[in-house]
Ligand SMILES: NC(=O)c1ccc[n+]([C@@H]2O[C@H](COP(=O)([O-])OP(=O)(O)OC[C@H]3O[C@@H](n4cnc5c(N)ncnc54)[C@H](O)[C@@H]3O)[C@@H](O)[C@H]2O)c1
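The chain below stands alone, shown as structure tokens; this is the form predicted on its own.
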């Protein structure tokens, strides 16, 4: 069982959504929190809500050098504390079908949503192994369970996070370092409205589509999602599904592994 009290929570993407809610929940559970985000205004709001109890770091998870400095700084400041690393930072992309998706946009998203997770884990894991304790929590998505049309880059990254995390689960079995993958369904966050819109897309139409998606699909409060993640960490759950939609999609993929894409295509009216 992973102890939350007196642990050092390191949360990326802490300036909004699940990351912000996790910051507040972890503090309430007695953890010390490192809140990191590239969005300083959002991060300041998180710190304000946390009554100044979280330590603020501006961090671009797509920047390898920033990640190295970030990790070295934290390890130096907190050499003996039990680290719970939550790789949560992520972005969205409105790009249409794969044939319409510019490769530079695909690579931009992968560098944040997948390589940010890989690089941060690479930076902290040697220290966790040396201590022989800690917990790595990688936030994937339901889009990492099933491939979603018009989301080729996002699904690729989130499947990558799941696969990477599954490898860590196997490799770290003989240690006291725990590993969890998180698969949120529709959570009320700003990721849809803040998505980058590819040059191939009609901006106004893309904004309307994202607003509709946000209204119809993003229903669970981020605070509820954070509660589920905290409970999963406490139980050392290797996989944390969030929401009835995530559980239903997981079930569909398991039952119909060879044809679930046809079910999804019908839903998307393809």
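Positions refer to the first chain, counted from 1. Quick caveat: nothing in here was measured; it's all calculated off a predicted structure.
Separately, the form predicted together with the ligand exists; it is not shown, and the next lines address it.
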property: Within 4.5 Å of the ligand in the model of the complex, all of 34, 84 and 123 (non-hydrogen atom); result: no
property: In the model of the complex, segment of 232-240, 26-34, 59-67, 197-205 with a heavy atom within 4.5 Å of the ligand; result: 59-67
property: Interface membership of residue 139, the ligand in the model of the complex, 4.5 Å heavy atom rule; result: yes
property: Touches the ligand in the model of the complex: residue 90 (any heavy atom, 4.5 Å); result: yes
property: is_contact(residue 184, the ligand) in the model of the complex, heavy atom dist at most 4.5 Å; result: yes
property: Distance check, residue 10 to the ligand in the model of the complex, heavy atom within 4.5 Å; result: no
property: Residues within 4.5 Å of the ligand in the model of the complex, restricted to 98-116 and counted by heavy atom; result: 112
